[in-house]
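Read the single chain below, which is given as C-alpha cells and is the form predicted alone.
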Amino acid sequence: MNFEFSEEQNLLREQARGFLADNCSMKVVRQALESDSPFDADLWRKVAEMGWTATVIPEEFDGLGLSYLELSVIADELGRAVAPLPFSSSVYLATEALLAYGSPEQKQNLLPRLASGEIIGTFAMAEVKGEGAINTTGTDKISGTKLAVPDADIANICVVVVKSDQGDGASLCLVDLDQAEVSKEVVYTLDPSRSHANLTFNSASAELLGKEGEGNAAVENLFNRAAVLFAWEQTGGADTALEMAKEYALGRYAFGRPIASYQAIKHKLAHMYVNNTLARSNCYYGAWALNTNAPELPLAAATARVSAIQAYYYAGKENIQTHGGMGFTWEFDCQFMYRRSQLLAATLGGEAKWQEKLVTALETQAAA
C-alpha cells in the first residue's frame, strides 16, 4: 500500500511552503510572540484567501471539497512555519464538529463563514476538577467554566462539552462567544504566539450539536481525527528544528572545524532525524485512516500522536542544545519550536493519555 502524497498534493505543498516563506518567516513568529496581539490577523486573512480554512468543507457550503490528505499537507507546512494562527482550533476541531454533528441549518449558517475565515471557532472541554470531569450544565442555556481554551479570546463560536443526564453522560453545544453572558479571561502559556483563555458561561444561549447524551462518543471521534492533523503540525515543526540545528552545526566552528564534525553533535542530529522520520511515517498511516474513515483510525491516530509528540519535544530540546549557551537566549529562534512542541503536546490531552489510547487500540486489534 502506498501512503505517499500524489503529484497534485506535492504541488500544493510547494505552493504552501512558498507562501509561508514569504508571509510567515521567523520574524513574523517573533513579532507574534513579543507583541500584545493574540494572533497575526493579516496572516489569517491571507491564509483564508488561499482557501486553506475551506479545504475539506463541501462545495455546497462554499468550501473547496478537497480531502484530508490535502489538509494534512497544509497542517505539515503550518507546523513547519510555526504559524501563529488559530488554524487548528477553528479547522481541526470546530469545523470538524460541525461537519460531523451539525444540523443542516447549523451547517448552512456557519460553515461558509468558517470557510472564508470570517469567523473563528474553537473547542472547550477541560474544567477545574480535571480532565474528564464535566460540570458545565444546560443545553439551550449553559452555565460553567472551561479552562485554558485555545484561541478562546479571539474565537466567535465554541463547541462546548456539557454534562448530560442521558446516554454517555455528555453532550455537545454550540455557543456564540460574542454574547454578554460569556466572559473571557486571558491565560498566559509557554507559547504566547497561540493565545488561550478561560471561558465562563452564565446562562449563555446555546444550541445542541448532535444528539443529547452522545457527547463523549463525539469527543472521542473528534479527538482521533484532530490528533492526526496535530501530529502533522508537530512533525513539520520537528523538521524545522532539525534543519535549524543542522545549519547551525555546519556553520559553527570550534577548534578549527565545524561542530557538525564532532561525534556528539552527529549523534544528536541523527537521533532527531530518526525520530522525525518515524513520526512522519506514522503520520502517513494516520492520514490514510483519516481520509478513508478506516476502522484503524483510533490506532493510527494514537500512533501518530505519540510519535509526533516525542519527535517534536526531542527536536526542540536538542536544537537548543546544539546551539549551546546561545540557544537559550531570547535573541535566537530555537525557542519557537520548543515552546510550540510543549503547547501542542498538551492539546487534546497529554502524551500519557495517548499512550493509554495506543495500548487500548492495540489490545482491541489483537482481540479482533
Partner chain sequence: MDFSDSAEEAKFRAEAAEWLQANAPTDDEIKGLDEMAQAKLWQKRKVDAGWACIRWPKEYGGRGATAIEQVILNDEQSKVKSPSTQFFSIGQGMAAPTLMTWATEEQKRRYLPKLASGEEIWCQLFSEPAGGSDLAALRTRAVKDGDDWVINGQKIWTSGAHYSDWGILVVRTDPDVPKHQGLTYFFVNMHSPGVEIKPIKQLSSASNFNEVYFTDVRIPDEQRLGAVGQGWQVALTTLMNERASIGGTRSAGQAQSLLKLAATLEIDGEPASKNKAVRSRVADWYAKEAGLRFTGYRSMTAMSRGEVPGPENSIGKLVAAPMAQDLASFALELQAQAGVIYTPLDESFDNMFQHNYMNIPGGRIAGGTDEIMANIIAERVLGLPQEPRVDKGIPFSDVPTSGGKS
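Positions refer to the first chain, counted from 1. Keep in mind that this is a model prediction, so the values were computed, not measured.
If you look for the form predicted together with its partner chain, you will not find it shown, but the lines that follow are about it.
Comment: 261-269 is the region of 205-213, 261-269, 186-194, 101-109 lying near its partner chain in the predicted complex, near meaning a non-hydrogen atom within 4.5 Å. Proximity of R257 to its partner chain in the predicted complex: non-hydrogen atoms within 4.5 Å are present. L278 belongs to the set of residues with a heavy atom inside 4.5 Å of its partner chain in the predicted complex.
Interface membership of D22, defined by any non-hydrogen atom within 4.5 Å of its partner chain in the predicted complex, is ruled out. Using a 4.5 Å cutoff between non-hydrogen atoms, V359 counts as a contact of its partner chain in the predicted complex. Just one of R113, K163, R252, K246 comes within 4.5 Å of its partner chain in the predicted complex, counting any heavy atom, and that one is K246. Shown without its partner, this chain lists V47, C334, V29, L69 as candidates; in the predicted complex, only L69 has a non-hydrogen atom within 4.5 angstroms of its partner chain.
Site residues E59, T95 and D178 are none of them in contact with its partner chain in the predicted complex, judged by any heavy atom within 4.5 Å. Heavy atoms closer than or equal to 4.5 Å to its partner chain in the predicted complex belong, across 278-311, to the residues L278, R280, S281, N282, Y284, Y285, W288, L299, T303, V306, S307, Q310, ordered by sequence position.
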